[in-house]
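In the form predicted alone, a lone chain appears below as structure tokens.
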Amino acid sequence: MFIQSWDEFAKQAERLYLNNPMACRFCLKYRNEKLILRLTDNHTCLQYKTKYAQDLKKAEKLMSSLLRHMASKEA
């Protein structure tokens, strides 16, 4: 499902990752001047689509947060 709000996507993506970190996959696509972010755990698929360049910084911040969770010892 595509989520319209960035804040909602970021919250749900982090929650989805924390519920089952071993099954989550994150995909980033840039095609035809559109950025598409997708996070899935094979049961739930969260997607966010944008055409604005400023959302790239938000995506970078979300990826950094997810990578911090992946690298922490509390997994």
Partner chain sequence: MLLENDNFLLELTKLFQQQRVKNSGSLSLIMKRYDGRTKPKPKLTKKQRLEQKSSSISHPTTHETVVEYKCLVRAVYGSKKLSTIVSSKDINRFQLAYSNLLKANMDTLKKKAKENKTTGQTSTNTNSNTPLSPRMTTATTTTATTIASSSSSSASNQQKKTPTTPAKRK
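Numbering follows the first chain given and starts at 1. Computed from a predicted model, the values in this text were never measured in an experiment.
One more form of this protein exists, namely the form predicted in complex with the partner chain; it is left out here, but the text below deals with it.
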Against the partner chain in the predicted complex, would S5 count as a contact residue? Criterion: heavy atoms within 4.5 Å. no
Taking 4.5 angstroms as the cut-off for heavy atoms, does Y17 touch the partner chain in the predicted complex? yes
So, in the predicted complex, is R25 in contact with the partner chain at a 4.5 angstroms heavy atom limit? yes
According to a 4.5 angstroms non-hydrogen atom cut-off, is K51 in contact with the partner chain in the predicted complex? yes
Contact check, 14-40 vs the partner chain in the predicted complex, heavy atom within 4.5 Å, ordered by sequence, gives Y17, P21, M22, C24, R25, F26, C27, L28, K29, Y30, R31, N32, E33, K34, L35
